[in-house]
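Have a look below at one chain only, the form predicted alone, in structure tokens format.
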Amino acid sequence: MSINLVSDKRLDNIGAVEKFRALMVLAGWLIPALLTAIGLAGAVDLLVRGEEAFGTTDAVPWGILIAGYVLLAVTCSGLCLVSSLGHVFGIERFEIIGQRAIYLAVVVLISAFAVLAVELGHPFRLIYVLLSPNFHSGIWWMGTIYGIYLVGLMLELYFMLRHKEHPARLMGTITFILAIAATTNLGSVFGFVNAKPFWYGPYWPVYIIVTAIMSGTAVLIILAWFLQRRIASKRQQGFCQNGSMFKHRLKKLSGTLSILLAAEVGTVLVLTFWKVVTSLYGGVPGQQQAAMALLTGPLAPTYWVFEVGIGLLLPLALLLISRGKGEKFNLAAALSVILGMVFMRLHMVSSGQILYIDKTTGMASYAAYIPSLGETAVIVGAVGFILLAYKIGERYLPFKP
């Protein structure tokens, strides 16, 4: 009798574990789908109601959607650049994650274009820009190069999934060059604006390519961590052969990526420090006030807490403690970097526009910008779309292994 009771209890426990697992799988599909639906609702609201649905003003014409576009487009470039160390430059440790990284880069860039299409007020304006070239416009070059880059990434992914090594390496080399061209060109869109002293100059093309590599590295650490958890789950269910070898390779890759991330975070800290110092030095009108907006002005709370504290100092401390070996430290550092990057892009877009000078009185003040509900929903939807599209790809595409 007692043996039967113990067996029944074990069966109940197994049943509860299976139900919990099924519930988590369902939630893993429903949550991204819900976030995507919220984003679509926000996009419809912005496209139907037009400018009145945006939080932007004449003083601050670029808002959270431009910041979101920059964040996503640059992260796509970072994924491509870091993963190319494997299938383009032949570093074996990076090859294990190449297919998934390029697929994720495609998904992230599509979401970036979707956000930009909403910002433009009409999706077909993206196509109109290509059909009406202005070779003197940095924005035209940005859209054109990123469009070619998206096609190149799709071809690269196709060849990788078909195991055609030579065409895949050739396309990987081309997209590596395009990633640098597109990202630095995106930085030049800010650097060319001589009416905004805080943006004007060669700093932003350099800064944006370094931060692109940093965000790409952070996303790959997170991806490697989730793949390890997925393998562990499949092994428990008996569905994954050679799982321990795959997991071991991912663990080694994560350690290497975390060391890279530490170097990148340190570099961005140095760049950030000198950007602020050179903006303050000499009292150049427009530059100094924008820097003060970050240090002590209206942007200071989020700048110090999220961009500098959570986005740079905390991950650097975690990575120095971890030294590439503590997976939870590495994951926490990567998540911290991504959260900091969100505010880094917001500050990058806001700081150049925040100084407002009244033309009639000549008085300078800080312009205010609060994202509307619709704009925020579109960013939420972009995140949901990326999660949903990646899950679909992970389920149906023949990733190796």
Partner chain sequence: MSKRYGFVMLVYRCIDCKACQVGCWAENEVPLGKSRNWITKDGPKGKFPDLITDFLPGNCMHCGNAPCVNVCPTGASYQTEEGIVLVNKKKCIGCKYCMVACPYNARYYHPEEKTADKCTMCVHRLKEGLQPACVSTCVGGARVFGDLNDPDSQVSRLLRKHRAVVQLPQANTQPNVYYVYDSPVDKGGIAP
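Positions refer to the first chain, counted from 1. On a predicted model such as this, the values are computed, not experimentally measured, just so you know.
Below, we refer to the form predicted in complex with the partner chain, which is not included among the displayed structures.
Could you tell me which of 201-209, 270-278, 132-140, 151-159 sits within 4.5 Å of the partner chain in the model of the complex, going by non-hydrogen atoms? Selected range: 132-140.
Between 195, 320, 91, 300, only one gets a heavy atom within 4.5 angstroms of the partner chain in the model of the complex; which residue is that? When the partner chain is considered in the model of the complex, the option within 4.5 Å is 195.
Quick check on this chain: which one of 288, 188, 233, 256 has a heavy atom within 4.5 Å of the partner chain in the model of the complex? The residue in contact is 188.
4.5 Å heavy atom contact, residue 47 to the partner chain in the model of the complex: Contact check for residue 47: yes, within 4.5 Å of the partner chain in the model of the complex.
Given that the partner is absent here, does residue 357 sit within 4.5 Å of the partner chain in the model of the complex, heavy atoms only? Yes.
Considering only heavy atoms, tell me if residue 353 and the partner chain come within 4.5 Å of each other in the model of the complex. Looking in the model of the complex, residue contacts with the partner chain include residue 353, since a heavy atom lies within 4.5 Å.
Residue 366: heavy atom within 4.5 Å of the partner chain in the model of the complex? No, residue 366 sits far enough from the partner chain in the model of the complex that none of its heavy atoms falls within 4.5 Å.
Which of the residues spanning 49-76 lie within 4.5 Å of the partner chain in the model of the complex, based on heavy atoms? Heavy-atom contacts to the partner chain in the model of the complex: 50, 51, 56, 58, 61, 62.
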